[in-house]
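Take a look at this single chain in structure tokens; it is the form predicted alone.
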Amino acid sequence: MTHNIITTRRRLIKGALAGAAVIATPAVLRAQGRRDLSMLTWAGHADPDVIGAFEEAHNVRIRAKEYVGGDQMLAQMAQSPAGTYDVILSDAEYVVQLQQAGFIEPLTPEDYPFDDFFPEFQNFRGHWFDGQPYAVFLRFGFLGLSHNRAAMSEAEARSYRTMWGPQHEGRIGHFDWHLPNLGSLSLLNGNASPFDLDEAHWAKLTETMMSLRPQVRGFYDYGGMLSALRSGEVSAIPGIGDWITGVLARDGADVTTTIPEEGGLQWTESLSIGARSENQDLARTFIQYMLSPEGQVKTATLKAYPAMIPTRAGWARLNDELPGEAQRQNMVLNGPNALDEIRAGRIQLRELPVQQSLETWNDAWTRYKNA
């Protein structure tokens, strides 16, 4: 009798385990077959809201390493073995250095929807080498004078010269990165190519920069800028844009970005495939997803910092699904929009220095901060 009970119990336990195994097998097999995709990126691009659907559809886990600033990105690439990163999101002006250093793979044009890009972005400067792209344009924004409306009106912000006004003494902030700040002041000086300066114009730019120093309250990182503008600690910050004020406005802060009469800059972020990546097929599929209408809307509405997008289909979907955001970011389909600013010549690309080295600009910025 006891033997029969033990035997029956064993059979029940064995059957239960077998049943559990059958139920668990799909999930277990899916987890075992999951691939990892490594990504070097600015913050926010690997948030679940952005990549979750892609990860689920392709049974992939994206492992992101975040950086702040192009110089830090280049340093991270230089100290990492080839193949460490499958996908690299970089500021467009650094693509040339990535390509020259052999850090990124050439791309096949037919794999990406370049025909869906607005003309300004199809053969984007610094992305193509000998007829082959090494990066794909993902998102962009304009940089001008970002300001707290209670401290500086749109009328005041129509010129960078406003920052020197006595009412703004000790109330001008800076994002702690030389390129956008010096680029904005170069526009103030009337330089049509703000990053291509001979020695005389470079000397004039550093003089202009140093003359602003008494007005400056502080130098801020991403979080510091949000806090300083929201609270009114600073009246304005030059060289940044809706990627900061859009985040604040979403939370109800009375801030905005004005493109001054002297012009503004365009920042651009692009995607590349890392050299010697062992997951180039998956990296290509991920980039294709981010350029799809769904991916474009997700990157346009990134919680960390919003941006405009380069594809017609992306604009159409944004206007269909989120017309208020399309209006706020000036990506409307009928009527004036952000592309008009580019076509009118009011926006210049943010670039690396042409006639000076990055170190020269960085050294000048360091002296400015320490003055």
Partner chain sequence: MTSSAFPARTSGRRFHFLFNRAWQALWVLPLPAWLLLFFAVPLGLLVAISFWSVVNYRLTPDATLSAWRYVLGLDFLWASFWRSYGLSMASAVAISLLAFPASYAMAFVAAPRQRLILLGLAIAPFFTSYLVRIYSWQVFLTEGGVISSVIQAFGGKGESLLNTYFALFLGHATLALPVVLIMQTIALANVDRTGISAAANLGARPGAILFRIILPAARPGLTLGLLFAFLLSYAEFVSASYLGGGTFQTLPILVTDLVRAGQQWPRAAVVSLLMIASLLITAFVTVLWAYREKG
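On a predicted model such as this, the values are computed, not experimentally measured, just so you know. Residue numbers count along the first chain shown, from 1.
One more form of this protein exists, namely the form predicted in complex with the partner chain; it is left out here, but the text below deals with it.
Of the heavy atoms in residue 165, none are within 4.5 Å of the partner chain in the predicted bound form. Under a 4.5 angstroms non-hydrogen atom cutoff, the partner chain in the predicted bound form lacks residue 195 among its neighbouring residues. In the predicted bound form, at least one heavy atom of residue 171 sits within 4.5 Å of a heavy atom of the partner chain.
Heavy atoms of residue 99 never reach within 4.5 Å of the partner chain in the predicted bound form, leaving it off the interface. This chain appears without its partner; in the predicted bound form, the one residue of 118, 129, 289, 219 with a heavy atom within 4.5 Å of the partner chain is 219. When the partner chain is considered in the predicted bound form, only one residue from 261, 71, 281, 154 comes within 4.5 Å through any heavy atom, namely 71. Note that among 108-116, 249-257, 201-209, 72-80, the stretch whose heavy atoms approach the partner chain to within 4.5 Å in the predicted bound form is 72-80. Contacts with the partner chain in the predicted bound form, taken as any heavy atom within 4.5 Å, map within 233-263 to 233 alone.
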